[in-house]
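Next up is one chain by itself, shown in structure tokens, the form predicted on its own.
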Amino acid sequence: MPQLEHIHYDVLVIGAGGAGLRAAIEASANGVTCGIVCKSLLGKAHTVMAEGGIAAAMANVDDRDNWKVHFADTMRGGQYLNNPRMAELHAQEAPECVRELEGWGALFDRTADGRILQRNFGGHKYPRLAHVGDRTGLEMIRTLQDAGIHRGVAVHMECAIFSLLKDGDRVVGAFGYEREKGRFLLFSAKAIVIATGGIGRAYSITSNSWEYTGDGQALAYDAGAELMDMEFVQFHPTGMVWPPSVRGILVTEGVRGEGGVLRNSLGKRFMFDDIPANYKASTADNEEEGWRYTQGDKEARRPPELLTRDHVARCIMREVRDGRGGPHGGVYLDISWIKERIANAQEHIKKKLPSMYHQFKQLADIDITSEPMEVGPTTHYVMGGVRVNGDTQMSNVPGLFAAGEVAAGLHGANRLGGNSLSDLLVFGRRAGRCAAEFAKEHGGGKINQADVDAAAARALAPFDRVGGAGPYQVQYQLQKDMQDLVGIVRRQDEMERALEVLKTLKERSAKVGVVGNREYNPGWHTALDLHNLMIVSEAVTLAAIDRKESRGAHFREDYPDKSAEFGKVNTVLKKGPNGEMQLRREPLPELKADLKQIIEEMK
């Protein structure tokens, strides 16, 4: 093997989204050397697609809000499968993290008296999302990048990590390659933080960009880490459905937060047909009044479009399935109707939703200020991921940390909108701090050259397979089958068929061949991604088969109700001694008395 470039850091962060950047900033602030590896260009992370806002109980718009209400909302949205310690820390620390971001230069929208403005979002009792129009994630990434670069954090762009390296039980390094030139890189690190995001590219219709192939989940799994709650895949209710070239691109929940309503092809606002028991009709059941959300003796107006994402997505699917959808298989999201209530509505929409206005104008030739958008569910987020300690974010593998979407625990069975960005800040910061502490306490380990040689051989194997299956065909079939068989609505027979399909595809992927050389070879990159996609797809399918109930984002047509038995367990997956995927049910963490009291008071 040619000479390797060998790079040393105290803490290596894999991923340059909100969690990765925040982890790197914190690690650097704690006095250790830190480097970031990102699969794409810096600034291209999926964090920029989180448009609606950062959930934090700052009480700037409604003074009844506080961390306890935010904690209870998060637990209720997650159907109480959340790690309660993570939900507690998240609710308590999110306001401080938002103010910290503001101190680093983030420019938030403002209230009339100059405080950070907050908007309504699905599942949140009060207006809680600090936002920058509908470009909050972009502003967050801009701010964090600026802070990270000025701290001297090194960044390796367009570099993919292929394997984690261990010394005994602990992680001590990572083996990767430059996507442009095909050269191998070897990183030594005393601690590693995985912050690679989600698994959306395991499905054919997704808001996720090409990078999101489950790399972090697969890297951690292969290194011996446990995965948890992988059955809970969130299908965002509103993605673009037309034209085909942009199918799946996110339409922010901020459209509904600013007053957008959902209608079927008959013009009916169908979300009124399926209201949970803890909602009641207001004095006028129309767009202006909406519904009142009741909580004890308190109430707040809440349009039914802002119910939790899993609920809204299923309602949309019902309308389409029953023949009341639009011409392209979606329903209509209408923000233009607010001209009946707001003077200068066109300018108001352009100001509040600038990205959505330009997105639909440029991609679909639709003016959202005067006509409705056709939208449908799109694979958006995975609540499951690497199982971590709630306080430190370390996995069961010493020295291996995870933060953001790649980590499990905070969101339980369903994530509330806006909690993703505050998750990145709160637990990115904790992961960076704890990784730095681990690096200081444990020092470096030894990298086994045989492990490096074996990783290089596996990476180059596709070049030796003349006449093998094409990687794109295997990837396409995987995405289609996962969408069809393990999608929004699931059944035992279909998921068992998915397991058989995955077994066949795994055999095909092991024979995939590529041609050309190592310099920017997309076929080679896709061939290497297949390994990760197979792992996360099998994990989702196995966990979904085992959970014989419907809860949160996991809906089974053959088990449509919640189960008391499954309401007490998380699903945990681990790599067995012979490479098989092993599943067990883990009892939920103990809920402290004070947290239990908060939940009871908020019910």
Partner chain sequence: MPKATFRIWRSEGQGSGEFKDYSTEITEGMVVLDAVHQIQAESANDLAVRWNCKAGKCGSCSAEVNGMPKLMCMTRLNTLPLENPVLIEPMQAFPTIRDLVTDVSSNFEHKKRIKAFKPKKPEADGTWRMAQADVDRVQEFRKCIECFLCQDVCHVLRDHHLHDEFVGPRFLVHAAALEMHPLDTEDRTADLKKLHGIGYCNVTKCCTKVCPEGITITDNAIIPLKERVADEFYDPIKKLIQLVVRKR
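Because the structure is predicted, anything quoted here is derived from the model rather than measured. Residue numbers count along the first chain shown, from 1.
Note that the form predicted together with the partner chain isn't included here; everything after this is about it.
A.B. asks: To verify the annotation, which of these, D334, E158, E226, D451, has a non-hydrogen atom within 4.5 Å of the partner chain in the model of the complex?
C.D. replies: Filtering the options by heavy-atom distance leaves E158.
A.B. asks: Counting any non-hydrogen atom inside 4.5 Å, which residue from L138, L460, V489, L89 sits next to the partner chain in the model of the complex?
C.D. replies: Only one listed residue qualifies here, and that residue is L138.
A.B. asks: Indicate whether the candidate residues L107, G114 and D365 are all in contact with the partner chain in the model of the complex, with contact defined as any heavy atom within 4.5 Å.
C.D. replies: Spot residues vs the partner chain: full contact, yes.
A.B. asks: Can you check whether P522 is within 4.5 Å of the partner chain in the model of the complex, heavy atom basis?
C.D. replies: Taking the distances in the model of the complex, the answer for P522 is yes, it comes within 4.5 Å of the partner chain.
A.B. asks: How about H150: is it within 4.5 Å of the partner chain in the model of the complex, going by heavy atoms?
C.D. replies: H150 belongs to the contact set for the partner chain.
A.B. asks: Can you check whether S370 is within 4.5 Å of the partner chain in the model of the complex, heavy atom basis?
C.D. replies: No, S370 stays farther than 4.5 Å from the partner chain in the model of the complex.
A.B. asks: Is A456 close to the partner chain in the model of the complex, meaning a heavy atom pair under 4.5 Å apart or at it?
C.D. replies: No - in the model of the complex, heavy atoms of A456 and the partner chain never come within 4.5 Å of each other.
A.B. asks: If contact means any heavy atom within 4.5 Å, which of 492-500, 350-358, 122-130, 315-323 contacts the partner chain in the model of the complex?
C.D. replies: Single hit among the candidates: 350-358.
A.B. asks: Which residues, if any, of 44-81 lie within 4.5 Å of the partner chain in the model of the complex when only heavy atoms count?
C.D. replies: Counting only heavy atoms within 4.5 Å of the partner chain in the model of the complex, the contacting residues of 44-81 are K44, V48, M49, E51.
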